[in-house]
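As a starting point, one isolated chain is supplied in structure tokens, in the form predicted on its own.
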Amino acid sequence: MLYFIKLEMKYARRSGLQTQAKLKAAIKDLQVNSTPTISEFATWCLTNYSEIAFHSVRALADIANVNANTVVRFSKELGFKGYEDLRQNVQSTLRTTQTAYSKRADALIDRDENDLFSELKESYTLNSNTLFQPSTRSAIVDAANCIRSAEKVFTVGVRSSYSIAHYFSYVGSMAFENITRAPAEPGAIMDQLAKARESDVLVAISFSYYSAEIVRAAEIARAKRMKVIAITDSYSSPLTIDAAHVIEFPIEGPQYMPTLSAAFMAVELILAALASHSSNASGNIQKFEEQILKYGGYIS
């Protein structure tokens, strides 16, 4: 698996498509499949990814409490000639990820349609491949288990992330009685969390730029000792702080707004994992469908 990720990274450098998601996927692969020393440093790098961009090899080794040789070996195992190449790549991915939406739109002006569609196709493929890495699959299974054991599950997302929160909670509530519909009206997030208890779970969804309402919701949930499942674009996201589970979805691509296609896939995977271990999901969905049909909600 790491071999193919390295190939994708090399292609990305040639094509100018630098992605944080692919690099983090490679780091996660080292976390699982490398030596204990490299694995431990990979874990640190996932949590402190942006630090790589701002420090020399010795300075990074000092703050990570590892040997400088470990940093160099780590860089080479990722497919780079040395640490400086890794550092420049991380700097590039941070610049790409944090570009303002308006500037992303500017970059689309006068783009050749064939070239644009080709890049879109490539980014969708790479985002999908990144999402289906073994480490993400494990995180999705763990998140599903957490949701299954919760008394109530609250899901929050605003602006473009609301579509993901709504989909997850709407489809989820058909099959699972503990999943609560995502709040839409002003103030409803606080109203829901005011009633939440330690036995409940918060599914918090946001990406850069991170919505203040969702970051605050995660803070409230942690204060209530609830478990937080963060569905977000980066391990450096404020939603990941003390989160029980983190599902990182890649957002790379030339669109003027970061793509949410992988986020929708992530919540669909969670729902599928939930249904695969539920004896009640099918019956609950059938009852829901029958009621909608009975009262004319569907036109057949």
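Small disclaimer: the values here were computed from a predicted structure and weren't measured. C-alpha atoms forming the largest set that superposes within 1.5 Å between two forms make up the rigid core. Residue positions are given as counts along the sequence shown, with the first one as 1.
There is also a form predicted in complex with the DNA; it is not shown, and the following applies to it.
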Interface segment, criterion being heavy atoms within 4.5 Å of the DNA in the model of the complex, picked from 42-50, 258-266, 28-36, 236-244: 28-36
In the model of the complex, E84 touching the DNA (heavy atom, 4.5 Å): yes
is_contact(I220, the DNA) in the model of the complex, heavy atom dist at most 4.5 Å: no
The DNA contact in the model of the complex: R148, any heavy atom under 4.5 Å: no
4.5 Å heavy atom contact, R225 to the DNA in the model of the complex: no
Residues of stretch 115-148 in contact with the DNA in the model of the complex (4.5 Å, non-hydrogen atom): none
Core-aligned C-alpha movement of L86 between this form and the one not shown reaching 2 Å: yes
F74 C-alpha moves between this form and the one not shown by 2 Å or more, core aligned: yes
